[in-house]
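Below you will find one chain, with nothing else, as structure tokens; this is the form predicted alone, and questions on how it binds or moves follow later.
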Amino acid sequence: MPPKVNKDKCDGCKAEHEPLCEQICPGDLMTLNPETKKAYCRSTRDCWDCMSCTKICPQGAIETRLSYQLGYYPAKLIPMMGTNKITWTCIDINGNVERFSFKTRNED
């Protein structure tokens, strides 16, 4: 499922010369709408769900919805990047929450 941008949370990475989601998207799919100054995916069908934009968004404005094979709406998977770990929050269709933390390969 392509990323969904919460327009209320997205600030277009005002402090950056280019939004972080745009910088990190390996498919060059994320960009900033020049009128709204909010990020969006310009070609959702080309997104391969790497979740790089979701992980790097400092505002938590980008969400990845799970495909129906994995969980019907409103199930979602939310990554939270830490210095040396990533924590995944999985919310199932019944609102049950599970969190999984893993050490990343980032150097100290």
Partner chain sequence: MPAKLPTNLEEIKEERIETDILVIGAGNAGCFAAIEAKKLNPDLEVTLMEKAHIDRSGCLAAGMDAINTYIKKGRTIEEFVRWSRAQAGGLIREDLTISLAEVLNQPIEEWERWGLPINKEEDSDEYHTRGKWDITIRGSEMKVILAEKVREFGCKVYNRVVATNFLLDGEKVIGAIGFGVRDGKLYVFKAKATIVATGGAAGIYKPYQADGVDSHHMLWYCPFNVGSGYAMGIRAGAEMTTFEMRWCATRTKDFNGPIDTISVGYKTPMINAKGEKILEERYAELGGDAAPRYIRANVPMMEWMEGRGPCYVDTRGMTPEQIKDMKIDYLNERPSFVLFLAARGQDLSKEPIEIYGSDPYIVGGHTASGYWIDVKRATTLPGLFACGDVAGGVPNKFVGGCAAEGMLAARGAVEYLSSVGMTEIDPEQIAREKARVFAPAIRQFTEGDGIIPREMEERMQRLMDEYAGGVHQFYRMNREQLEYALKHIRILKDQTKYLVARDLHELMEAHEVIDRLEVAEVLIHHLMFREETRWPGWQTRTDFPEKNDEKFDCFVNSKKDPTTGEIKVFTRPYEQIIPGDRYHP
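A quick note: this is a predicted structure, and the numbers were derived from the prediction, not measured. Numbering follows the first chain given and starts at 1.
Missing here is the form predicted in complex with its partner chain; even so, the following discussion is about that form.
4.5 Å heavy atom contact, K14 and its partner chain in the predicted bound form: It does not: once its partner chain is placed as it appears in the predicted bound form, K14 has no heavy atom within 4.5 Å of it.
4.5 angstroms heavy atom contact with its partner chain in the predicted bound form for N6: Contact with its partner chain, no.
M81: touches its partner chain in the predicted bound form, heavy atom cutoff 4.5 angstroms: Result yes; M81 sits at the interface with its partner chain in the predicted bound form.
Distance check, S67 to its partner chain in the predicted bound form, heavy atom within 4.5 Å: Looking in the predicted bound form, residue contacts with its partner chain include S67, since a heavy atom lies within 4.5 Å.
Sequence-ordered list of residues in 81-97 near its partner chain in the predicted bound form, where near means a heavy atom within 4.5 Å: The stretch 81-97, when checked against its partner chain in the predicted bound form, contributes M81, W88, C90, I91, D92, I93, N94 at the 4.5 Å heavy-atom cut-off.
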